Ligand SMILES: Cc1cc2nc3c(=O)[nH]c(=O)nc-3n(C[C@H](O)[C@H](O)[C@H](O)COP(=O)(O)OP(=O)(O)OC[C@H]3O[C@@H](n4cnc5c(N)ncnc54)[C@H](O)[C@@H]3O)c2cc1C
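Starting off, we have a lone chain in the form predicted alone, written out as structure tokens.
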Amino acid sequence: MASDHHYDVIIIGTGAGGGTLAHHIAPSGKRILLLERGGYLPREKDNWDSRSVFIDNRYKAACTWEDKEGKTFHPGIHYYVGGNTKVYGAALLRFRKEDFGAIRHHGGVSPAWPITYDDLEPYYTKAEHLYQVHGEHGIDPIGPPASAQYRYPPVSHEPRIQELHDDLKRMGHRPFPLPLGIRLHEDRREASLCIRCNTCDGYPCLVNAKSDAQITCVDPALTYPTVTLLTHAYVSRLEVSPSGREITKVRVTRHGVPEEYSAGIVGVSCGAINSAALLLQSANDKHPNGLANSSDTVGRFYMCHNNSALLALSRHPNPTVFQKTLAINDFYFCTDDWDYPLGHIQMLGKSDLEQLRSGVRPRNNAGSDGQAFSRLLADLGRST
């Protein structure tokens, strides 16, 4: 392997995992290569246009995947420097301490992790400080112990959300400020990158005020002369030595041209699905089920956001602009009338008609819920 294609460390993916890893080891003096499947997300007015983002899917990857029945679908995934953090809602919560143990759900028992919360706690603290998370430990009633407080105060509620917070407390609930990774200085708005706009959750940030992996980690890492980034670099396979214990080649395709790279350490950080896919498609005689898959569980038991969104219609105007500041965990583990976890509740970002239309899937019959919802949206549009 040519010396100019050999590095001390190769990191595949520049999202929350790969970007953070690069930031941490960049000062080491090691030669580091970052391989990113996409390019830089363009900064343009369409970043804040809900039709472009949610209807036209301007920033989603154009690829299609297949489900277990062989039917193709368009995944909600983004290939950019910074990965999916370029469009995330910036809510950065820790797992609860109990989440690492065996949890009994309605559908069965989720087994315990091989590590504990205490093993990860110092790294949670480092990540919260690195990603400039705003919040306050100790208010969430089931919050895990933290060795250090957030470095930035909670994001304040706008008046209507503050009313909701107060109403919930009067009902006996225990809301808390949602921890958010945004570059906001409420006491010095003239120096704040974040302007508390209504286009945060699900949008790219036009003013680079979201603590995404590109802005927070990759760009600072690239200031070191020993760190190199290659964009539009699709990693198709990892080759191993005859013993099967070392990765000898990283096969890459850039602009249709095959390339090979090598390193003493290779970090696979290209997302939950694509990391598993890369390990599986790197199967060989020594590893017939794929790399790092002696358990035959790589790619199985995948979970993404298993959630629901609720839309409330009110007679009272809601002039809130930045509304994703409130959360509740009162039902996280169980309730008085339900013995199983019900999960976490948080405010979504501000929605508009284009976002709501993007989620409408009307059925063919005229009386369907989907068409009724479409008519409701049309009425709302005429009234605004």
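Just so it is clear, the model here is predicted, and its values are computed rather than measured. Start at 1 and count along the sequence shown; that's the residue number.
What comes next is about the form predicted in complex with the named molecule, which does not appear here.
Each of Tyr88, Val235 and Cys270 comes within 4.5 Å of the named molecule in the predicted complex, counting any heavy atom. The stretch that touches the named molecule in the predicted complex, counting heavy atoms within 4.5 Å, is 29 to 37, out of 44 to 52, 350 to 358, 29 to 37, 313 to 321. Taking non-hydrogen atoms only, Asn84 approaches the named molecule to within 4.5 angstroms in the predicted complex.
Of the heavy atoms in Gly76, some are within 4.5 Å of the named molecule in the predicted complex. In the predicted complex, none of the heavy atoms of Leu164 sits within 4.5 Å of a heavy atom of the named molecule. The closest heavy atom approach of Pro220 to the named molecule in the predicted complex falls outside 4.5 Å. Leu92 is the sole member of Leu92, Ala127, Val155, Val240 with a non-hydrogen atom within 4.5 Å of the named molecule in the predicted complex.
For the options Gln132, Asn293, Thr226, Asn274, the one in contact with the named molecule in the predicted complex, meaning a heavy atom within 4.5 Å, is Asn274. Heavy atoms closer than or equal to 4.5 Å to the named molecule in the predicted complex belong, across 9 to 25, to the residues Ile12, Gly13, Thr14, Gly15, Ala16, Gly17, Gly18, ordered by sequence position.
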